[in-house]
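For reference, the chain that follows is the form predicted on its own, supplied as C-alpha coordinates.
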(Lines give C-alpha, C1' and ligand atoms only; values in the text may rest on other atoms or scores of the structure.)
Protein backbone atom coordinates (compact mmCIF):
# COMPACT_ATOMS: atom_id res chain seq x y z
CA UNK A 1 0.00 0.00 0.00
CA UNK A 2 3.02 2.34 0.26
CA UNK A 3 2.67 2.85 -3.50
CA UNK A 4 -0.48 4.87 -2.87
CA UNK A 5 0.73 7.05 -0.01
CA UNK A 6 -0.51 10.59 -0.45
CA UNK A 7 -2.65 9.82 -3.50
CA UNK A 8 -5.89 11.77 -3.71
CA UNK A 9 -8.91 11.11 -5.94
CA UNK A 10 -11.86 13.51 -6.18
CA UNK A 11 -10.60 15.45 -3.14
CA UNK A 12 -10.26 12.47 -0.81
CA UNK A 13 -7.55 9.98 0.06
CA UNK A 14 -7.44 6.93 -2.18
CA UNK A 15 -7.38 4.83 0.99
CA UNK A 16 -11.09 5.63 1.44
CA UNK A 17 -11.86 3.60 -1.68
CA UNK A 18 -9.32 0.80 -1.29
CA UNK A 19 -10.76 -2.63 -0.50
CA UNK A 20 -8.87 -4.95 1.83
CA UNK A 21 -9.57 -8.66 2.15
CA UNK A 22 -12.20 -8.30 4.87
CA UNK A 23 -14.08 -5.56 3.04
CA UNK A 24 -13.89 -7.46 -0.24
CA UNK A 25 -15.21 -10.64 1.36
CA UNK A 26 -17.97 -8.86 3.26
CA UNK A 27 -19.24 -6.44 0.60
CA UNK A 28 -18.52 -8.30 -2.63
CA UNK A 29 -17.79 -12.01 -2.30
CA UNK A 30 -20.38 -12.93 0.32
CA UNK A 31 -23.01 -10.44 -0.80
CA UNK A 32 -22.87 -11.19 -4.53
CA UNK A 33 -21.73 -14.83 -4.69
CA UNK A 34 -23.59 -17.82 -3.29
CA UNK A 35 -21.63 -20.66 -1.69
CA UNK A 36 -22.84 -22.95 -4.49
CA UNK A 37 -21.56 -20.65 -7.23
CA UNK A 38 -18.24 -20.14 -5.45
CA UNK A 39 -17.79 -23.92 -5.27
CA UNK A 40 -18.59 -24.12 -8.97
CA UNK A 41 -16.01 -21.48 -9.86
CA UNK A 42 -13.41 -23.24 -7.71
CA UNK A 43 -13.97 -26.46 -9.67
CA UNK A 44 -11.90 -26.04 -12.83
CA UNK A 45 -13.41 -29.08 -14.51
CA UNK A 46 -17.05 -28.09 -13.97
CA UNK A 47 -16.50 -24.39 -14.68
CA UNK A 48 -14.56 -25.09 -17.89
CA UNK A 49 -17.40 -27.23 -19.21
CA UNK A 50 -19.92 -24.48 -18.48
CA UNK A 51 -17.73 -21.93 -20.25
CA UNK A 52 -17.51 -24.18 -23.31
CA UNK A 53 -21.29 -24.50 -23.36
CA UNK A 54 -21.50 -20.69 -23.39
CA UNK A 55 -19.13 -20.59 -26.38
CA UNK A 56 -16.20 -19.14 -24.43
CA UNK A 57 -12.83 -20.22 -25.90
CA UNK A 58 -10.90 -22.41 -23.44
CA UNK A 59 -8.14 -25.02 -23.65
CA UNK A 60 -9.44 -28.41 -24.74
CA UNK A 61 -9.91 -30.97 -21.98
CA UNK A 62 -7.75 -34.07 -22.49
CA UNK A 63 -8.64 -36.11 -19.41
CA UNK A 64 -9.76 -35.93 -15.80
CA UNK A 65 -8.05 -38.32 -13.39
CA UNK A 66 -9.82 -39.03 -10.11
CA UNK A 67 -7.67 -41.94 -8.88
CA UNK A 68 -3.91 -42.60 -9.23
CA UNK A 69 -4.38 -45.99 -10.88
CA UNK A 70 -6.32 -44.35 -13.73
CA UNK A 71 -3.17 -42.62 -14.96
CA UNK A 72 -2.07 -45.69 -16.93
CA UNK A 73 -5.03 -45.47 -19.29
CA UNK A 74 -4.34 -41.77 -19.88
CA UNK A 75 -0.59 -42.09 -20.53
CA UNK A 76 -1.13 -44.13 -23.68
CA UNK A 77 -2.98 -41.27 -25.36
CA UNK A 78 -0.76 -38.39 -24.28
CA UNK A 79 1.84 -38.89 -27.01
CA UNK A 80 -0.74 -37.65 -29.52
CA UNK A 81 -0.70 -34.19 -27.92
CA UNK A 82 1.41 -32.41 -30.52
CA UNK A 83 1.51 -29.12 -28.59
CA UNK A 84 2.00 -30.51 -25.13
CA UNK A 85 -0.27 -30.82 -22.12
CA UNK A 86 -1.01 -28.95 -18.88
CA UNK A 87 -1.70 -30.82 -15.65
CA UNK A 88 -3.40 -29.01 -12.77
CA UNK A 89 -5.44 -29.67 -9.63
CA UNK A 90 -9.10 -29.03 -10.31
CA UNK A 91 -9.47 -27.26 -6.97
CA UNK A 92 -6.01 -25.69 -6.72
CA UNK A 93 -5.22 -22.00 -6.12
CA UNK A 94 -2.39 -19.53 -6.83
CA UNK A 95 -0.89 -21.80 -9.48
CA UNK A 96 0.11 -24.50 -6.98
CA UNK A 97 0.48 -27.93 -8.54
CA UNK A 98 0.23 -26.66 -12.12
CA UNK A 99 2.72 -28.34 -14.47
CA UNK A 100 3.20 -27.37 -18.11
CA UNK A 101 4.73 -29.90 -20.49
CA UNK A 102 5.87 -28.96 -23.97
CA UNK A 103 6.10 -32.50 -25.27
CA UNK A 104 5.26 -36.07 -24.27
CA UNK A 105 7.86 -38.76 -25.08
CA UNK A 106 8.35 -42.45 -24.39
CA UNK A 107 10.72 -41.66 -21.53
CA UNK A 108 8.70 -38.87 -19.93
CA UNK A 109 7.25 -35.39 -20.27
CA UNK A 110 9.38 -32.39 -21.32
CA UNK A 111 9.11 -29.18 -19.32
CA UNK A 112 9.59 -25.68 -20.74
CA UNK A 113 13.21 -25.57 -19.52
CA UNK A 114 14.02 -28.80 -21.38
CA UNK A 115 14.17 -31.04 -18.34
CA UNK A 116 12.25 -34.31 -18.43
CA UNK A 117 9.82 -35.60 -15.81
CA UNK A 118 9.97 -39.38 -15.82
CA UNK A 119 6.78 -41.38 -16.17
CA UNK A 120 7.25 -42.60 -12.62
CA UNK A 121 7.47 -39.02 -11.35
CA UNK A 122 4.40 -38.13 -13.42
CA UNK A 123 2.47 -40.92 -11.72
CA UNK A 124 3.59 -39.51 -8.38
CA UNK A 125 2.49 -36.00 -9.43
CA UNK A 126 -1.00 -37.26 -10.25
CA UNK A 127 -1.17 -39.14 -6.95
CA UNK A 128 -0.12 -35.98 -5.12
CA UNK A 129 -2.83 -33.94 -6.84
CA UNK A 130 -5.60 -36.47 -6.26
CA UNK A 131 -4.65 -36.76 -2.59
CA UNK A 132 -5.50 -33.06 -2.16
CA UNK A 133 -1.95 -31.80 -1.59
CA UNK A 134 -2.62 -28.53 -3.48
CA UNK A 135 -6.26 -28.16 -2.50
CA UNK A 136 -7.18 -25.89 0.38
CA UNK A 137 -9.53 -27.43 2.92
CA UNK A 138 -10.38 -30.55 0.90
CA UNK A 139 -9.30 -34.16 1.53
CA UNK A 140 -9.04 -35.06 -2.17
CA UNK A 141 -9.10 -33.63 -5.67
CA UNK A 142 -8.80 -34.68 -9.30
CA UNK A 143 -6.13 -33.92 -11.90
CA UNK A 144 -7.27 -31.97 -14.96
CA UNK A 145 -5.24 -32.53 -18.12
CA UNK A 146 -5.79 -30.10 -20.96
CA UNK A 147 -4.15 -29.11 -24.23
CA UNK A 148 -1.33 -26.62 -23.76
CA UNK A 149 -2.18 -23.30 -25.29
CA UNK A 150 0.51 -21.73 -27.42
CA UNK A 151 0.48 -18.33 -25.70
CA UNK A 152 2.13 -15.35 -27.32
CA UNK A 153 5.20 -14.24 -25.37
CA UNK A 154 5.11 -10.87 -27.13
CA UNK A 155 1.58 -9.99 -26.03
CA UNK A 156 1.70 -6.49 -24.54
CA UNK A 157 5.49 -6.53 -24.17
CA UNK A 158 8.15 -8.25 -26.37
CA UNK A 159 10.94 -10.53 -25.21
CA UNK A 160 9.37 -11.81 -22.02
CA UNK A 161 10.81 -14.94 -20.33
CA UNK A 162 7.39 -16.56 -20.40
CA UNK A 163 3.79 -15.93 -21.40
CA UNK A 164 1.81 -13.00 -19.93
CA UNK A 165 -1.85 -13.17 -19.02
CA UNK A 166 -4.68 -10.75 -18.35
CA UNK A 167 -7.08 -10.56 -15.42
CA UNK A 168 -10.42 -8.79 -15.73
CA UNK A 169 -12.63 -8.17 -12.70
CA UNK A 170 -16.36 -8.40 -13.41
CA UNK A 171 -19.03 -6.86 -11.15
CA UNK A 172 -22.67 -7.80 -11.75
CA UNK A 173 -21.83 -8.91 -15.28
CA UNK A 174 -19.87 -5.76 -16.17
CA UNK A 175 -16.05 -5.77 -16.56
CA UNK A 176 -14.72 -2.95 -14.37
CA UNK A 177 -10.95 -3.39 -13.94
CA UNK A 178 -8.12 -5.10 -15.81
CA UNK A 179 -4.52 -5.98 -15.07
CA UNK A 180 -1.88 -7.68 -17.19
CA UNK A 181 0.55 -9.99 -15.40
CA UNK A 182 3.98 -10.23 -16.96
CA UNK A 183 6.46 -13.01 -16.19
CA UNK A 184 10.00 -12.30 -15.05
CA UNK A 185 13.15 -14.29 -14.46
CA UNK A 186 12.40 -13.99 -10.75
CA UNK A 187 9.00 -15.65 -11.29
CA UNK A 188 10.69 -18.36 -13.39
CA UNK A 189 8.67 -17.37 -16.44
CA UNK A 190 5.28 -17.52 -14.72
CA UNK A 191 2.74 -14.69 -14.84
CA UNK A 192 2.18 -14.79 -11.10
CA UNK A 193 2.61 -11.76 -8.84
CA UNK A 194 3.12 -13.95 -5.74
CA UNK A 195 6.14 -15.53 -7.43
CA UNK A 196 7.71 -12.28 -8.66
CA UNK A 197 5.75 -11.34 -11.77
CA UNK A 198 4.95 -7.77 -12.82
CA UNK A 199 1.44 -6.35 -12.43
CA UNK A 200 0.41 -3.86 -15.08
CA UNK A 201 -2.75 -1.76 -14.89
CA UNK A 202 -4.85 -1.66 -18.06
CA UNK A 203 -7.32 1.11 -18.90
CA UNK A 204 -10.47 -0.48 -20.35
CA UNK A 205 -11.35 2.71 -22.23
CA UNK A 206 -8.03 3.51 -23.92
CA UNK A 207 -7.01 -0.17 -24.14
CA UNK A 208 -3.50 0.77 -23.01
CA UNK A 209 -1.36 -0.14 -20.02
CA UNK A 210 -1.06 2.43 -17.25
CA UNK A 211 1.11 1.69 -14.20
CA UNK A 212 3.51 -1.11 -13.30
CA UNK A 213 4.17 -2.79 -9.96
CA UNK A 214 6.81 -5.36 -9.07
CA UNK A 215 7.60 -6.76 -5.64
CA UNK A 216 5.42 -4.11 -3.95
CA UNK A 217 7.04 -1.15 -5.66
CA UNK A 218 6.19 1.04 -8.62
CA UNK A 219 8.15 0.47 -11.83
CA UNK A 220 8.26 2.07 -15.27
CA UNK A 221 10.37 -0.58 -17.00
CA UNK A 222 10.32 -4.37 -17.02
CA UNK A 223 13.06 -5.61 -14.63
CA UNK A 224 14.51 -8.03 -17.21
CA UNK A 225 13.96 -6.49 -20.67
CA UNK A 226 14.27 -2.83 -19.68
CA UNK A 227 11.28 -1.93 -21.89
CA UNK A 228 8.78 0.67 -20.73
CA UNK A 229 5.64 -0.98 -19.40
CA UNK A 230 3.26 1.98 -19.61
CA UNK A 231 1.33 3.12 -22.68
CA UNK A 232 1.31 -0.34 -24.26
CA UNK A 233 -1.53 -1.45 -26.52
CA UNK A 234 -3.30 -4.61 -25.39
CA UNK A 235 -4.12 -6.60 -28.52
CA UNK A 236 -7.59 -8.12 -28.51
CA UNK A 237 -8.67 -6.34 -25.32
CA UNK A 238 -12.19 -5.74 -26.64
CA UNK A 239 -12.59 -9.48 -27.25
CA UNK A 240 -11.22 -10.21 -23.79
CA UNK A 241 -13.74 -7.86 -22.20
CA UNK A 242 -16.58 -9.51 -24.11
CA UNK A 243 -15.39 -12.96 -23.02
CA UNK A 244 -15.21 -11.84 -19.39
CA UNK A 245 -18.85 -10.73 -19.58
CA UNK A 246 -19.76 -14.09 -21.18
CA UNK A 247 -18.08 -15.89 -18.27
CA UNK A 248 -20.46 -14.11 -15.90
CA UNK A 249 -23.37 -15.47 -17.94
CA UNK A 250 -22.02 -19.03 -17.76
CA UNK A 251 -21.10 -18.94 -14.07
CA UNK A 252 -23.51 -16.71 -12.13
CA UNK A 253 -21.08 -14.93 -9.85
CA UNK A 254 -21.88 -11.31 -9.05
CA UNK A 255 -18.20 -10.65 -8.40
CA UNK A 256 -15.46 -12.57 -10.18
CA UNK A 257 -12.05 -12.47 -11.82
CA UNK A 258 -11.46 -13.86 -15.32
CA UNK A 259 -7.95 -14.85 -16.41
CA UNK A 260 -7.10 -14.95 -20.13
CA UNK A 261 -4.15 -15.63 -22.44
CA UNK A 262 -3.54 -14.77 -26.09
CA UNK A 263 -3.12 -18.03 -28.00
CA UNK A 264 -1.12 -17.82 -31.24
CA UNK A 265 -3.66 -19.97 -33.07
CA UNK A 266 -7.00 -19.07 -31.52
CA UNK A 267 -6.60 -15.57 -30.12
CA UNK A 268 -7.73 -14.76 -26.56
CA UNK A 269 -8.73 -17.78 -24.46
CA UNK A 270 -10.01 -18.01 -20.90
CA UNK A 271 -7.73 -19.88 -18.51
CA UNK A 272 -10.02 -19.88 -15.49
CA UNK A 273 -12.45 -17.86 -13.37
CA UNK A 274 -11.97 -16.88 -9.74
CA UNK A 275 -14.62 -16.08 -7.14
CA UNK A 276 -12.08 -14.21 -4.97
CA UNK A 277 -9.77 -12.30 -7.32
CA UNK A 278 -6.78 -10.69 -5.59
CA UNK A 279 -6.66 -7.01 -4.73
CA UNK A 280 -3.32 -6.02 -6.27
CA UNK A 281 -5.28 -4.95 -9.34
CA UNK A 282 -6.16 -1.78 -7.38
CA UNK A 283 -2.51 -0.93 -6.87
CA UNK A 284 -1.65 -1.62 -10.52
CA UNK A 285 -4.41 0.74 -11.64
CA UNK A 286 -3.88 3.24 -8.79
CA UNK A 287 -7.56 3.28 -8.04
CA UNK A 288 -9.64 1.62 -5.34
CA UNK A 289 -12.54 -0.70 -6.01
CA UNK A 290 -14.78 1.64 -4.04
CA UNK A 291 -14.15 4.47 -6.47
CA UNK A 292 -14.64 2.19 -9.50
CA UNK A 293 -17.92 0.82 -8.16
CA UNK A 294 -19.15 4.30 -7.25
CA UNK A 295 -18.65 5.53 -10.81
CA UNK A 296 -20.08 2.32 -12.29
CA UNK A 297 -23.36 2.61 -10.38
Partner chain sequence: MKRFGRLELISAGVVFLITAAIILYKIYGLGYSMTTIKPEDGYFIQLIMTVTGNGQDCNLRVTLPIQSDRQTIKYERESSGGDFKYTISPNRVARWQGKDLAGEYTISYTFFAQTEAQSYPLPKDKAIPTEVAEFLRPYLEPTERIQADASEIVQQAYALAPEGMDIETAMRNIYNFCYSTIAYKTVKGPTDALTALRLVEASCNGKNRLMVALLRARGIPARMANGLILQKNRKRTTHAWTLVRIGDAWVPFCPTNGYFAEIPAHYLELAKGDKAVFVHTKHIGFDWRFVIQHQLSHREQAVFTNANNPMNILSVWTSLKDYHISLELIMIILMIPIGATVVAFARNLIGVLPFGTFMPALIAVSFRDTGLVLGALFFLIVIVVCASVDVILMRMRLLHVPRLVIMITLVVMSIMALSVVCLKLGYSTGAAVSLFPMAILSLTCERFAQTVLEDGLKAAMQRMAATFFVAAACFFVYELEFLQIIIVAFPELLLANIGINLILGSWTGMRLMEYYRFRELLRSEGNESAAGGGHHGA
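Positions refer to the first chain, counted from 1. None of the values given here were measured: they were computed from a predicted structure.
We do not show the form predicted together with its partner chain, though everything after this point is about it.
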query: Stretch from 205-213, 100-108, 67-75, 156-164 whose residues place a heavy atom within 4.5 Å of its partner chain in the predicted complex; finding: 205-213
query: Site test, 21, 27 and 218 vs its partner chain in the predicted complex, non-hydrogen atom cutoff 4.5 Å; finding: yes
query: 4.5 angstroms heavy atom contact with its partner chain in the predicted complex for residue 133; finding: yes
query: Touches its partner chain in the predicted complex: residue 150 (any heavy atom, 4.5 Å); finding: no
query: Interface membership of residue 177, its partner chain in the predicted complex, 4.5 Å heavy atom rule; finding: yes
query: Heavy atom of residue 121 within 4.5 Å of its partner chain in the predicted complex; finding: yes
query: Within 4.5 Å of its partner chain in the predicted complex: residues from 250-289 (heavy atom criterion); finding: 279, 280, 282, 283, 285, 286, 287, 288
